[in-house]
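A lone chain, given as structure tokens: the form predicted on its own.
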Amino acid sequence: MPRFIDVETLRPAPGRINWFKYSSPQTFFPLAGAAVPWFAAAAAVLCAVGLYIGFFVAPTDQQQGEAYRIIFIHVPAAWMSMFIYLVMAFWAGVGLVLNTRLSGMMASALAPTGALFTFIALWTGALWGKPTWGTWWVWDARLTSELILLFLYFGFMALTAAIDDPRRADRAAALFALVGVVNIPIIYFSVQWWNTLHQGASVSLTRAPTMAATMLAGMIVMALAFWMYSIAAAFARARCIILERERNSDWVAQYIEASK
């Protein structure tokens, strides 16, 4: 005999938050709108603090001099470029498996921000590489795999835009994103697997950092600032995607009418 699920058992106990209701675009839309200013403000404050620590408080590096200070932007941007791709692929995978509308929207909303941080990582890396290595670019494993990550973001966005049906576009882009995940460990472990000009990681989960505490604090604060910005940008972009895809819904018409 077929088994049925009693919906009453899925309701949260009194006093608990029903997180599942926020999987609806209609419910998520106002929540995201309320959260964007807070995350944007946190990003601005943390960025100001992080830049102050990195450019005015942190000591000068003995070998690289003042040129090393670009790492306070370069390293957090590189971290976020990989982290956002994993989060994007996660939401794309959830949408592919559970067929939820909001998951695909969130993946699409994250892609431009991930591409932005990947570009910043490559650009600041070139600015750092010129005085350090004597060249703007080398085709080593770390830089090449990071460049491939940028192309993966571009490919994800292009594939989403190329298919008119949003649900079909989400499924195709999800498969593309999940295949591209293999590039993330290649980026992270490239300096260990191959001989490269790029220096090894100064911050690791398995050993103590090889930099001054002030330098580490500046990078952590900047990483948090970029994280807050990513959430604010993704939520704001997700709201735009929701309005575009749900434009024929009654609640969107009411929202547009009320905002006039």
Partner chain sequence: MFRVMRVVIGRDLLLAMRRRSDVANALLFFIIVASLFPLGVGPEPNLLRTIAPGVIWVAALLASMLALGRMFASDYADGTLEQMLLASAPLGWIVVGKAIAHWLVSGLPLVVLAPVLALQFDLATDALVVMMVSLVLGTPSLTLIGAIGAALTLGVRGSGVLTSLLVLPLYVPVLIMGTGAVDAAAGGVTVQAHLLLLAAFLVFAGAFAPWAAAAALRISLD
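Residue numbers count along the first chain shown, from 1. Predicted model, so just to flag it, every value in this text is computed and none were measured.
Omitted from view is the form predicted together with its partner chain, to which the following refers.
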- [ ] Would you check, heavy atoms only and a 4.5 Å threshold, whether R101 touches its partner chain in the model of the complex?
- [x] no
- [ ] Spell out, yes or no, whether the shortest heavy atom distance between P166 and its partner chain in the model of the complex is within 4.5 Å.
- [x] no
Open item on the list: Please determine whether A162 contacts its partner chain in the model of the complex, using a 4.5 Å cut-off between heavy atoms.
Closed with: yes
Open item on the list: Even though the partner isn't displayed, in the model of the complex is V182 close enough to its partner chain, meaning a heavy atom within 4.5 Å?
Closed with: yes
Task: in the model of the complex, the residue from V94, I148, V138, V87 that sits within 4.5 Å of its partner chain by heavy atoms - done: I148
TODO: Answer with one of M106, V75, L152, L143: the residue that has a non-hydrogen atom within 4.5 Å of its partner chain in the model of the complex.
DONE: L152
